[in-house]
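A lone chain, given as structure tokens: the form predicted alone.
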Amino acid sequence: MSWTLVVVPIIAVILLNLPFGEGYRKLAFPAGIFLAVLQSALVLLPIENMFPYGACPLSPFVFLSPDALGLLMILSVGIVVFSALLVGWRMTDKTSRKSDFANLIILAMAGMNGVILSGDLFSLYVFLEIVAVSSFILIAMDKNREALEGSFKYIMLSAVATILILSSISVFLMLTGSTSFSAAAAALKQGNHAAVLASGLFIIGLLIKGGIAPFHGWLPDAYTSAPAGVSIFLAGIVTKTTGIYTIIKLVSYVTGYTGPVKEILLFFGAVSALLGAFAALDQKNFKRMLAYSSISQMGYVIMGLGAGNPLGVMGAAFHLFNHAIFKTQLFVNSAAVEQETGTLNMDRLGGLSDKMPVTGATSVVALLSTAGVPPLSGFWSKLLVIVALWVAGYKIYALIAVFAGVVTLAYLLSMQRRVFFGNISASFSNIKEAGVSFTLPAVLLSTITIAAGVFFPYVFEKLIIPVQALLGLL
């Protein structure tokens, strides 16, 4: 049943933290790794009806069988959680903090699965908040000034998003007596102005949670100040699930791809793609540059959705998955650099590829995919988005997407030059390649990026084409 993807991680967290079982807390890391691998394997196993529809007997929440995009997201969650746990466990010092980190990751994993599988607006809200609260604590785990500030900014803006989302749900509940997707969609089809306002509030709330410009103020500080494993988790999947994926879900199940909705998505997507790209050009901190890059890349997803045609929806879905992979990899690489050199200031680095060949090589793969260089997977998803915008008549937005891609290549090549190319500083002459906790996920993610690009026709047919069915939900 679909609900087991939510209930099992929650039960695991409860059992791992029973007051009479202190020793069980040490099992949080292997439990998290097991759940992440199992979740990924369940999606990839060729078994029909692996996740049938079913209401959980242990809760009032409604869970749906995941659609094609939902399966992609469930797979993405498993891969990113696996990578974040490996890196975070290695870079966290105290045993108690290791256990806290793993437990919070498992809890947030349950919340994200709930977001993906939820079948009504209220269930969606509850699981969004589970992920948000877990993320607040994870960001502040180091308890230094920067971490607390980053967490506080996230809390404040997330609170605004929560107010908007709850207000939206309240309006739909008063209008229809239900929080189901179908009831909200019916109210909108009737042309009810209050329902239109409610849907707008919900979308704005999700734009905040997704860090889309100009609602991105919390994101660079949260990503940069968080511990390395948490940064991987946030950038790789949290904002993608709680913000971007949920927007796709709301548009597909509730608002539909109407003219005003598409114009809103196109505008904010273009602003995010450009603003994030240009802001990344001026960064010296490795993680902060990647944070602005995330803002830019999510602009592509929103623009693809705004095209409102099958090609655009497929491109948005594929780029959402690709971004989860290549951005997780780049944050893993930044964590490896931080672990070995003690700094993320790119102006102090250089020549690290000689000492860290795996990290340097996998970084090249990720940056080329991010920039949309063929034949890597990022090229195909960006191409789908650009072509979708062009054929839909949004030629200006298609050109914006191309231009943002050129800027992306510029700042990522600058990053590679400043961190991995050139002559190594004498102060780093004795460093070595990062351990297996860093190289294993980096190689795995690079392999996925290369394979998804080289075997794109197969991936497109089996995983991406089914996503276009989202257009026919209403």
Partner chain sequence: MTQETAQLLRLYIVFLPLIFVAGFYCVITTRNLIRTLLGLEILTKAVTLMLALAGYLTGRTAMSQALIITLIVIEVVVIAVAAGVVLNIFRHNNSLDARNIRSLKG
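Positions refer to the first chain, counted from 1. A quick note: this is a predicted structure, and the numbers were derived from the prediction, not measured.
The same protein also has a form predicted in complex with the partner chain, omitted here; what follows describes it.
Each of Ala159, Ser170 and Leu173 comes within 4.5 Å of the partner chain in the predicted bound form, counting any heavy atom. Partner contact region in the predicted bound form: 142-150, out of 69-77, 307-315, 230-238, 142-150, criterion any non-hydrogen atom within 4.5 Å of the partner chain. None of the heavy atoms of Gly393 is located within 4.5 Å of the partner chain in the predicted bound form.
At a distance threshold of 4.5 angstroms between non-hydrogen atoms, Tyr292 is in contact with the partner chain in the predicted bound form.
Contact between Ala361 and the partner chain in the predicted bound form is not found at the 4.5 Å heavy atom cutoff. The partner chain in the predicted bound form is approached by Val133, whose closest heavy atom lies within 4.5 angstroms of it.
With the partner omitted here, the residue from Val387, Val402, Ile137, Ala186 that has a non-hydrogen atom within 4.5 angstroms of the partner chain in the predicted bound form is Ile137. In terms of contact with the partner chain in the predicted bound form, the residue from Thr92, Thr341, Ser225, Ser252 that brings a heavy atom within 4.5 Å is Ser225. Along 265-293, these residues reach a heavy atom to within 4.5 Å of the partner chain in the predicted bound form: Gln283, Arg288, Tyr292.
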